[in-house]
Structures are given as C-alpha cells and as structure tokens.
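Here's a solo chain for you in structure tokens, the form predicted alone.
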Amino acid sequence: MNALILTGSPKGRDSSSFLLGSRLGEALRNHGVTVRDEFAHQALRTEEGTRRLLDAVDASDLLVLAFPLYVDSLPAPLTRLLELAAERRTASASPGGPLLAVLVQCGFPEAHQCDTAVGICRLFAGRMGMRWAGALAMGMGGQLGGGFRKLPGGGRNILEAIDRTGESLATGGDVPGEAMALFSRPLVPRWLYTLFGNLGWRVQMRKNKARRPLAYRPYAK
C-alpha cells in the first residue's frame, strides 16, 4: 500500500497537524505501508509542484488529510488542492478507489466543532469515487504545540487512537470507532482550558499594547 499524508496547515513542519500526521505515518510504516509526506501550501506555489502533488494523489492507495480547522472548514490551500484533484477525475469514477481518511484538530474545547469540515471531506470522497475511511477529530488542539510528551498523561489517548487507526488503515480498513472516541476525549477539563486560553489572550494584548478590554464590542448595539 502507498499512503500520502497531506498536511494542510501553512505552518508546515511546525504545525500540530504535521505532528499528528507524522505519528500516523509511523504507525502505517510499522505495518508495511510506504508513506509519503507532502504540504499543500508549498506544492501550490509552482505549477510543477502542483502537478507533482496531484500525481501523488492519483497514485496513492490511501490519502490522509491532516489539517487544522479554519472557520468550520479546511485551510484555503488544501481546499484549492482538492478542487484541482476533482477536476482531474470524472464524475463516474468507480467505487472502491483509494481510501480517504482525515486527521483534524481545532482550538475549540469540543471535538464536534470539526464536524462540518469532516462532512466536507466525506462529500469530496464520494464525488471522487474514493472510499471514505473516517476521521479522527479533536478539540483543544492548541495544546499539541509542545509535543505529545507535554500533554496530560503524555497524550496516551491520542497516541493509542492513532496507532489503532494506522493498524486498521494498513489493512484497508476504516478508522475504528474506539479510536475516534479516544481521540476526541478532552485533554484537560474545559474550565481549565478556557482559563489558560483567556490568560493567553490577555498576555498577547499586553504584549501588543492593546488598550481596550478583552470583552470590548465596538459594533454591538
């Protein structure tokens, strides 16, 4: 099996999406899968890069999209790439084609905030004649910036979910339901996440010498 893990975050290798995708890549390699890593925003900068990446998408047996949630959807470079990929294929593409799986994380406390983006990817798979394998979605993604070791419990639930998913995808299976549940579990209590999130905003306000209060709403009636 040939797998293409496509990172949609403009932050590239410094992103949480790449961190998650890399871990899934390790799990797939452990089960004999050939894995290739690519970045949508880099490839789309040139015609040659775009063509090369579209060729890689066509040649893959498994396509994994790893991305952060941007306004309930996918980052613009990744959306554009999917549009270009769709233009290459006919609407009558036969079922049973490549697998499509998704790794998505957001800064909101709740994993269900990713549902719309996951639905977009599922619809894309159907239109492309690809087999939808499912998605791992999580909230509180901002905590991934320090790596798995700095997460509560060492990110045990996340790592286990990814490992189970890699094992299943490597044999042509779907993302296991138990893996979805593990991956979506809150990393910390919601009140604690909100507390530190608000503190972070206040630090940024002070750093940038913002004078208005955090709750200031100039356009509210």
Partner chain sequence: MKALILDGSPEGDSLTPVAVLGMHSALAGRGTDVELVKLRELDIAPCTGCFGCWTRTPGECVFPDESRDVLRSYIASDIVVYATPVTFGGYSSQLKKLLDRFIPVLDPRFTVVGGEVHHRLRYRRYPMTIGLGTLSAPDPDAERLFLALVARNGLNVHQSAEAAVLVGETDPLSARSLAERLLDRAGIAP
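Quantities reported herein were computed from a predicted structural model and do not represent experimental measurements. Numbering follows the first chain given and starts at 1. Rigid core (definition): largest C-alpha set, two forms, superposition within 1.5 Å.
Beyond what is shown, the protein has a form predicted together with its partner chain; the following relates to that form.
J.: Does every residue of V71, L82 and G119 put a non-hydrogen atom within 4.5 angstroms of its partner chain in the predicted bound form?
T.: Yes, because V71, L82 and G119 each have a heavy atom that approaches its partner chain to within 4.5 Å in the predicted bound form.
J.: Whether K150 contacts its partner chain in the predicted bound form should be assessed with a 4.5 Å heavy atom distance threshold; does it?
T.: The answer is no: K150 has no heavy atom within 4.5 Å of its partner chain.
J.: Would you classify F108 as touching its partner chain in the predicted bound form, given a 4.5 Å non-hydrogen atom cut-off?
T.: F108: contacts its partner chain in the predicted bound form.
J.: Does its partner chain come within 4.5 Å of any heavy atom of R202 in the predicted bound form?
T.: Taking the distances in the predicted bound form, the answer for R202 is yes, it comes within 4.5 Å of its partner chain.
J.: According to a 4.5 angstroms non-hydrogen atom cut-off, is T171 in contact with its partner chain in the predicted bound form?
T.: Answer no; every heavy atom of T171 is more than 4.5 Å from its partner chain in the predicted bound form.
J.: Taking 4.5 angstroms as the heavy atom distance cut-off, pick the stretch from 53-61, 191-199, 25-33, 176-184 that is near its partner chain in the predicted bound form.
T.: Going by heavy atoms within 4.5 Å, the stretch is 191-199.
J.: Any residue of 4-21 with a heavy atom within 4.5 Å of its partner chain in the predicted bound form counts; write them all down in order.
T.: Going through 4-21 in order - heavy atoms within 4.5 Å of its partner chain in the predicted bound form - the hits are P10, K11.
J.: Please say whether, between the shown form and the other one, the C-alpha of P213 moves by 2 Å or more once the core is aligned.
T.: Yes.
J.: Core superposed first: is there a CA shift of 2 Å or greater at R13 between the shown form and the other one?
T.: Shift at R13: below 2 Å after core fit.
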